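Only one chain is included here, represented as structure tokens and corresponding to the form predicted alone.
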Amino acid sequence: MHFFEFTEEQKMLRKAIREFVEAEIAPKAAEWDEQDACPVDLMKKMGELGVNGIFVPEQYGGAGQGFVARAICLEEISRYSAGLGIAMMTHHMGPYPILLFGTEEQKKKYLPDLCSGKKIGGLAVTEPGGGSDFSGQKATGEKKDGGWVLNGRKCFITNSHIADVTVLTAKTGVDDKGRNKLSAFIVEKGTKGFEPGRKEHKLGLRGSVTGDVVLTDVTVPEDALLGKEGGGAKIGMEAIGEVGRAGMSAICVGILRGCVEEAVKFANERVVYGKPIAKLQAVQFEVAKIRADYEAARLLTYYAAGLKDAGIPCANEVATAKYVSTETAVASSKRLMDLMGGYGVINEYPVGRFLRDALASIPSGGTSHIMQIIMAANTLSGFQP
């Protein structure tokens, strides 16, 4: 077994992204959270750094650095703004299925602009009837006049109002067992009948746009179909299972790192009875727990990303990382808030944002219950350490 170590290229990436984040994101994160405003221009600017297409091969305009590199970017961004982190994470779920399932023509048409920052991506699969019941979608796709006509409504869609290119799923038939057959489509902003609907007012992950996507007789050409007809469930779950959930894990690693750093800063600066509270054993215990949560989530997240880069199936490892990182981000944010006393509930400090963002991360990409179902199924079917 080899000691896990970032490559020199990955260390250089982290340094570059951290410098950018501290200059461009840290000073404005609280404002974006308060106003629930997504800095779209900054997202496009990050395309110049290679963040938008970090895992996309260079031949399609990406940085070609893989999924460990992606986790590094999302951790650094989310240390200050988990809202912007999820906006970027969801953008990645636009180019990923196109890269994996698209034709060469589709890749050349969409990926360069999505990587450069010229266009923002999105994925729309969740519907009002429930996100976990993937096959129960009611949006429809009907063949007509050599193209497709799409109707329906998607909800809880990140980047709903800002995405230029959206990959979405719709019911295009029923199989011989009566189950819905889903297909995936690439739909561009400005297509007639394709409109953003209600915008959600969220508890956390503010600084990203989440809302409805409404399809009213949206007519798209035949080549808007992504992958094979009836292959939409596989495409959607590939994007969510090993990219969406892994992204949420990295976002929560960023939140946890913020908790560690804020705990250290506060404990060293807060003086009670003539000495910093960092000298109190009870406070040291709480700081140690926060650090342990960060290290556990970090190792699980980067291990899963490393498996992804190696081409090894990692749905269970991603689910484990997502479960641990989101739950510990909630626990550590609450622990930090308790440690800070009255200061913990003052919005001048970021801990309240950490807690709200962590809570909002749990249902994003699949709830903790769904993660546990995946983990249990994998374990009960043949656990091998």
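Throughout, we count residues from 1 along the sequence that is shown. For clarity, every value in this text was computed on a predicted model and none was experimentally measured.
Omitted from view is the form predicted in complex with a small molecule, to which the following refers.
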property	result
Residue stretch of 355-363, 59-67, 332-340, 43-51 approaching the small molecule in the model of the complex, non-hydrogen atom distance within 4.5 Å	355-363
The unique member of 156, 101, 194, 303 whose heavy atoms fall within 4.5 Å of the small molecule in the model of the complex	156
Single option in 246, 253, 184, 205 placed near the small molecule in the model of the complex, where near means a heavy atom within 4.5 Å	205
4.5 angstroms heavy atom contact with the small molecule in the model of the complex for residue 135	no
Contact label in the model of the complex: residue 73 to the small molecule, heavy atom within 4.5 Å	no
Proximity of residue 373 to the small molecule in the model of the complex, heavy atoms at 4.5 Å	yes
The small molecule contact at residue 369 in the model of the complex, heavy atom, 4.5 Å	yes
